[in-house]
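Here you'll find one protein chain in two forms, each presented separately as structure tokens under the names structure 1 and structure 2.
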Structure 1
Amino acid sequence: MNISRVKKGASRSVNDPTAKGKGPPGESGAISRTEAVQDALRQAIIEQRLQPGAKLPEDAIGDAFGTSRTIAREALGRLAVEGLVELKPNRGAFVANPSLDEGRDVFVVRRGLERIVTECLAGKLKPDEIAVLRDHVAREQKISGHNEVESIRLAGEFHLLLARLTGNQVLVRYVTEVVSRCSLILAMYGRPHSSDCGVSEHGEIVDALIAGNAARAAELMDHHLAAVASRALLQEKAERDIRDVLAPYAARIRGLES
């Protein structure tokens, strides 16, 4: 987890030589280097390969991805907007370390956003869209219990899928963001087996959406998310004492030193 100073070329770089000449001209598939780094970092953060609170020096990231600080800096800036990275002026970037309160805030917003999603979709799903959803839920069920990591990924994907089906780009962006943040929060505060995001609930939501029962779909979604949240965020903050708050930090520091 320690990001060490590595000279250029030691790691696989984003700017692959093969793609050098002809970059991303098409606007649709335009994946800039910044975005690539951003996505990679987001992934790493969500998977907790980068632990909350970890420092993210610009040049270390640049080296790691074979780009300059410019790209790293840009990516960090955008992740900061997303809430996955905290930017401290003149001190650098750190992996976000959301408190339980912040976690609850994110879930509150997420519930509101996904309620909109259900209301937009109820009764308006086309056959092919229904097929995609059903297929996704089926895949979730198949893998449930076998692969924890993949299971969580699919669960998040389900919600993103729904958001995309609305065709509302604003909604897609916001839902994507809160899902990312929720992933981080669940990784931090969730118990090992708590993040299943009940597959059966996904199925029920799809059913309600198909039936065109907006109210029920919204209700199900709300309960679903409330359940996910409470599974993780139950622990009421008894951490009023400074020592309790600082304990994990201290532990991590000791871990580094050893």
Structure 2
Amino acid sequence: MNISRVKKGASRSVNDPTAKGKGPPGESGAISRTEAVQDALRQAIIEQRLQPGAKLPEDAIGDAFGTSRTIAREALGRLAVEGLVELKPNRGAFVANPSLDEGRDVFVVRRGLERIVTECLAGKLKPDEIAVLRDHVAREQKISGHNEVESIRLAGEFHLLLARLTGNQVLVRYVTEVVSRCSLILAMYGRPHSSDCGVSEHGEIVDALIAGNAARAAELMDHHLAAVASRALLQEKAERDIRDVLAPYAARIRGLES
């Protein structure tokens, strides 16, 4: 596996194309306007800025990003394929709004997939791959308790980084999808994120993988994800205008284009 690709992607958002096994954008040329809007919307959903069930008007999204409704519509369609957006006939697009039962089902699938990830990696990590993992956990430790949104982002990226290290693109794709859906579930039902606990568990998983103890790594991963799922607790979320929510993401795109 080309570790340079992982190093480049390790500090990027959970929504980065690298997480889907496509490689950093710089390696394949500039991403399209539609992809930029798609990635920004995905990040807004994963970072819990756009809440589950929120309406996603094409005109408002077009206004926020200074683009056409056609591009907004295409981006929403792609996110619907990922399971992050729900398209309702004659009503428009909405952030996917999974029930608690659906959420439990997703976590069951995720736990199974990530056990496979640990089995693929145990005892097989190269020194440079270990360094990447250690660096990521160190960044999680540094930000823990200081920036809730960043802690959540890095926590998700840890799991995507492990999946990418397997080199199995099918596994990467499915892990990416369930991690994104789990972020949605936690956005709707989750208690405040316990980053200290998460960072400690991530470090233990890495230690078990380095030691080549596949059974221990799988057990730790399963316990970790069960703890994440146990944070589910229904609570009301205040609504915000979609233009205000998307403003910083639009500014980011404009900055890349300038």
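Structure 1's sequence is the ruler for residue numbers, which start at 1. Between two forms, the rigid core is defined as the largest C-alpha subset superposing within 1.5 Å. No experiment lies behind these values; they were computed from the predicted model shown.
Comparing the two isolated copies of the chain, the first one is the form predicted together with another copy of the chain. Comparing the chain between structure 1 and structure 2, the hinge between its two rigid parts falls at Ala96, out of the candidates Pro57, Ala96, Asn213, Leu161. Note on conformational change between structure 1 and structure 2: two rigid parts, with the smaller rotated by 14° relative to the larger (from C-alpha fits). Relative to the superposed core, Glu74 moves its CA by 3.9 Å between structure 1 and structure 2.
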